[in-house]
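Take a look at this single chain, the form predicted on its own, given in structure tokens.
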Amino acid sequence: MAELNVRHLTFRLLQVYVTVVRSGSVSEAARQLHLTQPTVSQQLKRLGEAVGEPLLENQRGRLVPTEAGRELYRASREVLGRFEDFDEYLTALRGGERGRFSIALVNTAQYVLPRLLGPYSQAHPEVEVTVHFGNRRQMLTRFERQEDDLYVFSHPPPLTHAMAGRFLRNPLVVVAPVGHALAGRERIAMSELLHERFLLREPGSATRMLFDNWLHEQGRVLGPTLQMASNEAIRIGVASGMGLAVLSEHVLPPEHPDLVILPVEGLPLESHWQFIVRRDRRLPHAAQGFLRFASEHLDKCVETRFLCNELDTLLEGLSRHWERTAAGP
């Protein structure tokens, strides 16, 4: 008795066999598979030789499986069905409907990204998203170590091995307690605030860097300062009368009766939130899907006045880069 030669079985042979059993006819199977009848007959012959048993018999002009053929049909359906499931999985994966990705955010972005991540997670429940928060130095370390798929900075690192796409304005404003003496003024010169105590983030934070650079360009030097570890602590400190601060507007809650934005000349300082993608690390399909979702739904998730959507340009640039990489030198 001949043994089954598994090496001679192929998905195409199994597909042809299943189609013949379902249709009961070589000619109909050939039509469905867009093959010639001789090709289908030859495939059946090869399959029979590999199995070593008769697989089909003619009953009243219709091909039906033998006992061995019925078992092969069940096994073939199971194998092909599993790979059809796998194909569907791949389709969903490549479409960004499944999979996982990680995203690293500087602390201030925690006031922004949930507006996108919330709707995205509801629309794509089978995608696993890992989010890391930290100060700028911590996020730069993660960026250099390539620990994440996407990064969000308002002041991006050097882009030698990365690409950036702006998606949101991040205006920086001077805030004071609501009862401050200058709160009712229409215009305030920065020189009038230099004697005030300013509550500042640590050196190296993007907000601190932009504000320090702006002061340097103006030839201004702050008076007393107090360094604090988080935007939330600074916001509470300002509301409590500890001093003034420069903060992203996104840090301020929609209603902030204990704070007021001072109309300082030359402010707000303009910066932008940006998605950063490393070019030397392949971006998972799920992360690409998130960027597409952000590009398409940004206007529904944030206030119009903050929009600066350049994500389509980022996605196109990444697509061209990966095509060149795949093509080789």
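Sequential numbering from 1, following the sequence displayed. Each form is matched to the other, and the largest set of C-alpha atoms that superpose within 1.5 Å is called the rigid core. In this text, all values refer to a predicted model and were calculated from it rather than measured experimentally.
Another form exists, predicted in complex with the DNA; not displayed. Remarks below refer to it.
Undergrad: Which of 264, 55, 302, 63 has a heavy atom within 4.5 Å of the DNA in the model of the complex?
TA: When the DNA is considered in the model of the complex, the option within 4.5 Å is 63.
Undergrad: Though only this chain appears here, would residue 274 touch the DNA in the model of the complex if you measure heavy atom gaps against 4.5 Å?
TA: Answer no; every heavy atom of residue 274 is more than 4.5 Å from the DNA in the model of the complex.
Undergrad: Within a 4.5 Å heavy atom cut-off, is residue 26 in contact with the DNA in the model of the complex?
TA: Contact check for residue 26: yes, within 4.5 Å of the DNA in the model of the complex.
Undergrad: Residue 45: heavy atom within 4.5 Å of the DNA in the model of the complex?
TA: Contact check for residue 45: yes, within 4.5 Å of the DNA in the model of the complex.
Undergrad: Can residue 37 be called a contact residue for the DNA in the model of the complex at 4.5 Å between heavy atoms?
TA: Judged by the heavy-atom cut-off of 4.5 Å, residue 37 is in contact with the DNA in the model of the complex.
Undergrad: Identify whether the DNA in the model of the complex is within 4.5 Å of every residue in the set 13, 31 and 41, based on non-hydrogen atoms.
TA: Yes, the whole candidate spot contacts the DNA.
Undergrad: Can you pick the stretch from 266-274, 294-302, 45-53, 65-73 whose heavy atoms fall within 4.5 Å of the DNA in the model of the complex?
TA: Of the stretches listed, the one contacting the partner is 45-53.
Undergrad: Rigid core superposed, CA of residue 14 - does it shift 2 Å or more between the shown form and the other one?
TA: It does, since the residue 14 C-alpha is displaced 2 Å or more between the shown form and the other one after the core fit.
Undergrad: Can we say the CA of residue 279 moves by at least 2 Å between the shown form and the other one when the core is superposed?
TA: Not so; residue 279 is displaced by less than 2 Å.
Undergrad: Taking the rigid core as reference, does the Cα of residue 292 move 2 Å or more between the shown form and the other one?
TA: Shift at residue 292: below 2 Å after core fit.
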